[in-house]
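The chain below stands alone, shown as structure tokens; this is the form predicted alone.
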């Protein structure tokens, strides 16, 4: 979460709608965003798992990369294999620093004549200049600040929106397509940040409020805020930039080596390749793991992790209560020798040692369309 105390807070095109719906607005990544609505975080979370929820993610950075060789150009700043991405497909990737840290995580889609990028709100001021600085002549980065981004997530999400645009139901997981929905030209990807099936929809900002109202009028669709989005993604074992990954963590430490393309592991020509190659060969000194505290008390970010009765071996990066899990959950980094599932840990919560165990993630199984 960005510190917004000294900056002018921005609003998304849906700000008036959030207030009308009773959204409690809080600063997040330089924007005023709804953390919850009157139903509350618990209800919003469980509704997403049971039906369909609408999330405003218009604070995210959207951009297009245009020109011959755009995919190869993007590979100058990421270990992802972008050139293998077929038209109508999207993938998750990392932007890496020269010393192997993670500058950001992002999504990239191949729209045939261009690439479509989505980066984190708190990092777009870093990401876009970094990408632009690596581009050769003939490849252009075009930010899209005049577009909104809306996520519809949950087991009923696709069936609901397909009543307005039937072709959306034909999209495979991480598939992307252009659709006319309620009179709005929309770019739709079958993806999300909840562990559920669903879609993320890019629309013109000036049409976003009417579009969101049309989605909220569909049976079973309710609004959800940042609070539910965070508990949903943590149950799904998904990283939050600035908490679980940052410029100090590598893809190997963060258990995100699956984002490094097979071809890229033979070329080693991406930023930070030397560190990543060494850690793949010899192991990282610390690893991101899932953690289940005993009992009902959650352990929040920055909680120290100890070996039982012993020294500090790591730190919690994200933690809270899992409404669907029915108990506390966390992610964090521990020394490699303590990273195996089932390893006993102690979490220092308010000066008391709370027993915990390393647990596999996701805490709740993913239900993506396959």
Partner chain sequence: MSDTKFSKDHEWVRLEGGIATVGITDHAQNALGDVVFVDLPEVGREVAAGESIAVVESVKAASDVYAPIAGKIVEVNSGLSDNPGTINTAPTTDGWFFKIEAADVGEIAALMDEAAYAAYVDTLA
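Numbering follows the first chain given and starts at 1. From a predicted model like this one, the values you see are computed outputs, not experimental measurements.
This protein has a second form, the form predicted together with its partner chain, left out of what is shown; the following refers to that one.
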Check your understanding: If you check in the predicted bound form, is residue 262 within 4.5 Å of its partner chain, heavy atoms only?
Key -> no
Check your understanding: Going by a heavy atom distance of 4.5 Å, is residue 296 a contact of its partner chain in the predicted bound form?
Key -> yes
Check your understanding: Do residue 321 and its partner chain share at least one heavy atom pair within 4.5 Å in the predicted bound form?
Key -> yes
Exercise for review: Answer yes if any heavy atom of residue 42 is within 4.5 Å of a heavy atom of its partner chain in the predicted bound form; otherwise answer no.
Suggested key: yes
Review point. Considering its partner chain in the predicted bound form, which of 114, 300, 125, 285 comes within 4.5 Å of it through any heavy atom?
Key: 300
Revision key, fill the gap. Answer key, its partner chain contact in the predicted bound form at 4.5 Å (heavy atoms) among 35, 65, 339, 51: the residue is 35
Practice item. Heavy atoms within 4.5 Å of its partner chain in the predicted bound form is the criterion; list the residues of 137-155 that meet it. Key: none
